[in-house]
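Just one chain follows, in the form predicted alone, and it is written as structure tokens.
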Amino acid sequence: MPQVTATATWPFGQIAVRAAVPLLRQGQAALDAALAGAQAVEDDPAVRSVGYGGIANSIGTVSLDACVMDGRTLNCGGVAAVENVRHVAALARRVMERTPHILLAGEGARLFAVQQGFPLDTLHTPEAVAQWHKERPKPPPRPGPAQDRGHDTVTVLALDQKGSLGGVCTTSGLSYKLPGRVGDSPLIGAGLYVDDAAGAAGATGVGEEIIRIGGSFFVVEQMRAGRSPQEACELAVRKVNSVAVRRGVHPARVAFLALDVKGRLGAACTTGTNFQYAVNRDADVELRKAPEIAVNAR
């Protein structure tokens, strides 16, 4: 029987891992456990980049993105630019299970949520509103690399007792983004990709840079080719760096996290990202720091 494993991005990923691991040990499926972990973060108002209490966009609206994927079947679903729905990861799973589609967006996704019995809710907290008023940029956004003013997506990857993988990615996206902006987090192959035949990967950071290289799919395909999760994540960061050099811009802060069916982990990030991730270790949860890959690294 495989050793169950849960891992999640950033220090608040500890919340997700602590919620997911007991379910895995009870024999629940990887996707169920990963979703429970992600939802625990969505519900925490202290996490300003996911779910309830997320920092708003440039006009003061909290807009959420999420996706889910089952490694056994490759079934997947996502929602993008959703307002007034707290548990968007669970909504993404409903898209996967109850529609012929993979991605619903905006008002259509919110209407689907109401039809599915999700309560409409305000996602603002007083603390998040105060932060928005204090920090939001005043000039209109200009072309070029996306402004990195907060982007800490939670991606949760899990390995269950049957040796199957599941993953969930959920976020409020870049703080102060333009209304309607969609990042990597709801896009299968960008923010998340899971395949029992190869491995699972998730991303966090400036979504435009992750989308540009098909980040999570790239990581999984490297594992399919025989590379370890660690090697695969480092290659993805090197690709981000290479593309940034070609575009003549400093690389944005991005990170990748990977897990394979043997329970092996990998993580890497661009310089200055200070990416940390949580993973269960025996009866506790451990926080680890990912290596940073410089632009000129080979």
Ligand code: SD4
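As the structure is a computational prediction, the values presented were derived from the model and not from experiment. Residue indices: 1-based, along the sequence shown.
One more form of this protein exists, namely the form predicted together with this ligand; it is left out here, but the text below deals with it.
A.B. asks: Among 174, 85, 109, 165, which has at least one heavy atom within 4.5 Å of this ligand in the model of the complex?
C.D. replies: Exactly one listed residue reaches within 4.5 Å, namely 174.
A.B. asks: What is the one choice in 206, 187, 95, 223 with a heavy atom within 4.5 Å of this ligand in the model of the complex?
C.D. replies: Result of the distance check: 206.
A.B. asks: Is residue 183 close enough to touch this ligand in the model of the complex, meaning at least one heavy atom pair within 4.5 Å?
C.D. replies: Taking the distances in the model of the complex, the answer for residue 183 is yes, it comes within 4.5 Å of this ligand.
A.B. asks: Do residue 152 and this ligand come within 4.5 Å of each other in the model of the complex, heavy atoms counted?
C.D. replies: Residue 152: contacts this ligand in the model of the complex.
A.B. asks: Report whether the minimum heavy atom distance between residue 10 and this ligand in the model of the complex is within 4.5 Å.
C.D. replies: Flag for residue 10 set to yes.
A.B. asks: Considering this ligand in the model of the complex, find the one stretch among 100 to 108, 126 to 134, 152 to 160, 69 to 77 with heavy atoms no farther than 4.5 Å from it.
C.D. replies: Of the options, only 152 to 160 has residues within 4.5 Å of the partner.
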